[in-house]
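First comes one chain, alone, set out as structure tokens in the form predicted alone.
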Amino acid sequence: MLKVLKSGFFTTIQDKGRVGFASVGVPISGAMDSYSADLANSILNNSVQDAVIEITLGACKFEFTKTTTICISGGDFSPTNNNMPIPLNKRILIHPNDILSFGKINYGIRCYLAVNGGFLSAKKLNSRSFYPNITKDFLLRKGDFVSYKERTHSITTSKSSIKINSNHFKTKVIECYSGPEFDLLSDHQQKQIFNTTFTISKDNSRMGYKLNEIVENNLSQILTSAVLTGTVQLTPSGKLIVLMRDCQVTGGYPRVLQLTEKAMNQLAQKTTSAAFQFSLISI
């Protein structure tokens, strides 16, 4: 078992989410930065479907009760094992009673803790991803226990680690496709979107990121339609909302852009006041 000694700002269990339940109003959820979550699982030779712990802004601490190997990928929050620094993107051997801690933020806002074989929290609708009113819990809290399988045979560690392109965390260019209502915008409105440097407002979460800047909006309301993770909506106030992994499945605002999967993962590593520009790419 993994015992939560300190839960941090926002710590959850995530996997690939609940695909196939949008018709009954269930969001997909899943890891905000699926690239980093997949990397942590892959380094351990896990399935990318295995559940990981998503840690937002660090400041958490865990105790292991069984032998295993772990890997941490994504944002760098100065992880230590028994107060000894450990690298990201590398298999780390863990013994019973080891204490894993996260401290100073060096870059990124989300990291992923993977364990050999994945975390074994309860499955709901084919997924272990936390979501309010779907799973019993929507946050890991101090004193919680999370199950994982003990690995006492064939455990291997490695002295090598994978170098990650820092652009994943630093880029200020967010690639996107045109959305279903993009062509309803005038040339002036379209240019305004791509010539503006947007900043993330304080109103950001796993559901969506509202941006601070205003885009001229004289579009008519649309019928409520399907939306996806990465859909960019233009609200009546002229502010844009980028829908993230826990977003609703329908919406009534014009869908002017759709982020690429890579862009969604990059945006998931940014938070309040971070600046970026949209860049339109063709399909």
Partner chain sequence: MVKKITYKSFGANAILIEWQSIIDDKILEDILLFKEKITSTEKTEIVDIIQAYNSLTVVYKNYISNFNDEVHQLKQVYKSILKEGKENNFQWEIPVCYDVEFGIDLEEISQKSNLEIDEIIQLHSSALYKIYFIGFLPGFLYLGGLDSKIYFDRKPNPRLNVPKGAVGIGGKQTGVYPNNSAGGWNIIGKTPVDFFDVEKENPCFAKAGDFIKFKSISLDEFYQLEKEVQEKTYQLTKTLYNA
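Being a predicted model, the structure only gives us computed values, none of them experimental. Numbering follows the first chain given and starts at 1.
Quick note: we don't show the form predicted in complex with its partner chain, though the next part is all about it.
Novice: Can you pick the stretch from 126 to 134, 83 to 91, 140 to 148, 112 to 120 whose heavy atoms fall within 4.5 Å of its partner chain in the model of the complex?
Specialist: The contacting stretch here is 126 to 134.
Novice: Could you work out which of L219, V249, A59, I214 is the residue within 4.5 angstroms of its partner chain in the model of the complex, going by heavy atoms?
Specialist: That would be V249.
Novice: From the list S34, T69, N46, T231, which entry has a heavy atom within 4.5 Å of its partner chain in the model of the complex?
Specialist: None of the other options qualify; the answer is T231.
Novice: Does R255 make contact with its partner chain in the model of the complex, using a 4.5 Å heavy atom cut-off?
Specialist: Answer yes; at least one heavy atom of R255 falls within 4.5 Å of its partner chain in the model of the complex.
Novice: Do G103 and its partner chain come within 4.5 Å of each other in the model of the complex, heavy atoms counted?
Specialist: Residue-level check for G103: no, no contact with its partner chain.
Novice: So, V24 and its partner chain: in the model of the complex, are they within 4.5 Å at any heavy atom pair?
Specialist: V24: yes, in contact with its partner chain in the model of the complex.
Novice: Report whether the minimum heavy atom distance between V19 and its partner chain in the model of the complex is within 4.5 Å.
Specialist: Residue-level check for V19: yes, a contact with its partner chain.
Novice: Judged by heavy atom distances of 4.5 Å or less, which residues of 216 to 240 approach its partner chain in the model of the complex?
Specialist: The stretch 216 to 240, when checked against its partner chain in the model of the complex, contributes L223, T224, S225, A226, V227, L228, T231 at the 4.5 Å heavy-atom cut-off.
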